[in-house]
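Listed next as structure tokens: two forms of one protein chain, kept apart as structure 1 and structure 2.
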Structure 1
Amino acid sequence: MTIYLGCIADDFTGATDLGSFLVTQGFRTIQLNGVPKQEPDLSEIEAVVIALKTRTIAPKVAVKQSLAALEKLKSWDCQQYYFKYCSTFDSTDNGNIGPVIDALLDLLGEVFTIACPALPVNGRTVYQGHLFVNGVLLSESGMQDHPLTPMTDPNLVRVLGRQVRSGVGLVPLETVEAGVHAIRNAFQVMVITGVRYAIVDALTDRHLKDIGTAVKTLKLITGGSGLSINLRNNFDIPDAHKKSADHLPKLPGNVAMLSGSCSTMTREQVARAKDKYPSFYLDPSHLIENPQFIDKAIQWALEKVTQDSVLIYSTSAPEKVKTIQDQLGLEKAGELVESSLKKIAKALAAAGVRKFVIAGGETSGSIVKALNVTVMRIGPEIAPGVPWTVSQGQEPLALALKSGNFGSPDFFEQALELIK
């Protein structure tokens, strides 16, 4: 089987986000959580997504891990490479998006690529180089208060320019509106004039489809998952493969829903789900005061999950999160929640629970690693960018990994209905 797309994602939910879009197009897709130490079975696979946890680590470490992922993908002779980051361009002035792009271009011997995080289906659009979230500038969308990557500048030309070695250009909306030929011409002009990176405007899926066609000859592309929506047409893939792309085996039992995200949408989703399913609030302040509180949560979860699907959440309002961060420090506050949810997930899996919905990128990465999940087949879409997946191995797990602001208010209900 030919590997058409070799993808690197900077977090675990971002990887399944991209994988979901690829499967929807008909790519037979697997996600590898980290660079594999053993060769995975690629006999029926057309797209590979290597999920890293590099979004908020030191830039030098992020670059090193990303290059290792690219080396592995190159060993499979992928036809094109894709660096996927969040549609809100989560990064600081030090990186990690720019330094990783620089390093990937260097390793591939390429001189140009694009950066397009637009994802209109989830309200992310780029206009005149500025990123909007549901019609509001990124810097006014709530992302300016992100605890790890506060996005206070919506101008992506400036943001990326502060992270990379050379100039950043813009392919404006009027050029994108003119279609594929005009977009390609803009790329060629930038290459000739020594511009190494282009932010590309996009307001609609039609724009993304034309951009996707225009990047056919680029060895490396970078962006959010929306950039992928028309890539299948760039490759000679048999149509017969498309029909079976999202098929997954059914697994028995109830679902454990674990939420560590405190994003606006996840708070709404949790508020709705806790009125419908047995729920347990993993209060961070209680975890600080009483180390045995986690044991209480585990005991509750093990008892309730035999009767119904359950929700365990640390999701809190921003003021509560800030209080905990002020008390413990930013890094320790995050570690407290992640380690607690990991313990719960491991206890549930050891007791035979086989289906998990996990909300939050950092939370998802931690839990997937704790459960020793290394290979996941991407399956049907629950919401744009959020699929069900099934891990490979003797005891497969069904996993839905959700980025914080993805999905509708009834996301948890949709996920459980699809996995029946």
Structure 2
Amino acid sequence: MTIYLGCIADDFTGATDLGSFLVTQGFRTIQLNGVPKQEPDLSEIEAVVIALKTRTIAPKVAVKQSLAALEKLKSWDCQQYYFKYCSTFDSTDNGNIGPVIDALLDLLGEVFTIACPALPVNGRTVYQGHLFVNGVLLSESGMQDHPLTPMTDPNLVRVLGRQVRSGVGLVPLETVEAGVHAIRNAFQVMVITGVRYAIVDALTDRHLKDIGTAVKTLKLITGGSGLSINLRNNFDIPDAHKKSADHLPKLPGNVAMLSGSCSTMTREQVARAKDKYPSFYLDPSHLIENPQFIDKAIQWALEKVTQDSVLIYSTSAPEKVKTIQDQLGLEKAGELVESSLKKIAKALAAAGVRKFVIAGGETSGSIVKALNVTVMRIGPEIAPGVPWTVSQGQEPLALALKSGNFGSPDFFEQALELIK
């Protein structure tokens, strides 16, 4: 077994996003939810993504967890290491992107890496070190109001500069346009002059491909999932492996679709799926008023899923969500719905349901934890950034985990079509 890429992602759905990019390119990939306590089965595996939840925690803790992940990856002797963060560079002046990069470089004994969040397919581009979202500066894109990581400065040279130990350089678009050799030369000049980090401009996938080729000799690379789009060519991987990269074992039975996301796209997706599959509205006001309501939901699900794939959703319009949040408080409202969906998922899994589609980033994280899923083989892509996965273990589960606004309106149907 050779692990070509050992990746660390700073959040759960970000890890799946990168995993999906890697599989699309032809890496046989698994996602580990946290640093594993037991050795996963790595036979056949070419890329590993360790999903952490370090984006918004204290920098010291983020560094500690990231180093533990890197130690684990190093024990498998990966050929290259990849720190993955969001394509909107979600962080604060304290971190955690910069402190984690510094710590990873130190542990690897390396003196230079790049920071390349560009993801043109989702409208994230970097020009003169400035990050744009669909042509709008990051600081005017809505990200300036993010509750946890407000991005008020679009200049990534400055942003990263405030987070790391020494100066940050820029590989500007003219150099990237000039191709692989020019990009490599720029890296070499930085290494010679003691620059440890380079923000790299990129507007298109062609730029990312050239950057991907240019980073071949770097032990550590950092960026969004877009940076991965040409990495496979850097390694000597048999072409025959490529075809089977997204193969997953077939699992029997109907699918349980559980939705705790109230994002605009999910609401549209749920509205469509309701017309097609038996569905149950897990109304939070009923959950509050009637302690038996959850048992009713479970009973309904267990009965229906023997005949057809089913949808259970708490997905509601903003006014309805607000009413519940005003009544219980934001956190308690989330907890009530999440714990109910977890109970339903556990009851269904205990009854033998093997396939789940879960909508909602937080919802996915909590259900996957409740189902004790720690290792997931990444399979075919349902929508950009959302693959089917199958867990490792005695009773494998197929899981499709979708955060908020991912996927097109017929996402549920597409997901079910792919897993038939």
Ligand code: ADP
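Here, residue number means position along structure 1's sequence, counting from 1. The shown structure was predicted, so the numbers you read here are calculated from the model rather than taken from an experiment. In this text, the rigid core denotes the largest set of C-alpha atoms whose superposition between the two forms falls within 1.5 Å.
(request) Looking at the two shown chains, say which is the form predicted together with this ligand. (result) The form predicted together with this ligand is shown as structure 2.
(message) Quick check on R354: with the core superposed, does its CA move 2 angstroms or more between structure 1 and structure 2?
(response) It does shift by 2 Å or more.
(request) Would you tell me if E395 moves between structure 1 and structure 2 by 2 Å or more at its C-alpha, with the rigid core held superposed? (result) E395 C-alpha, core-superposed: shift of 2 Å or more.
(message) Once you overlay the rigid core, does the Cα of T24 travel 2 Å or further between structure 1 and structure 2?
(response) Where the cores coincide, T24 shows only a C-alpha shift between structure 1 and structure 2 that is less than 2 Å.
(request) Using the rigid core as the frame, report the C-alpha movement of L287 between structure 1 and structure 2, one decimal, in Å. (result) For L287, the alpha-carbon shift amounts to 9.3 Å.
(request) Report, to one decimal in Å, how far the Cα of V255 moves between structure 1 and structure 2 once the rigid core is superposed. (result) Taking the core as reference, the C-alpha of V255 is shifted 5.5 Å.
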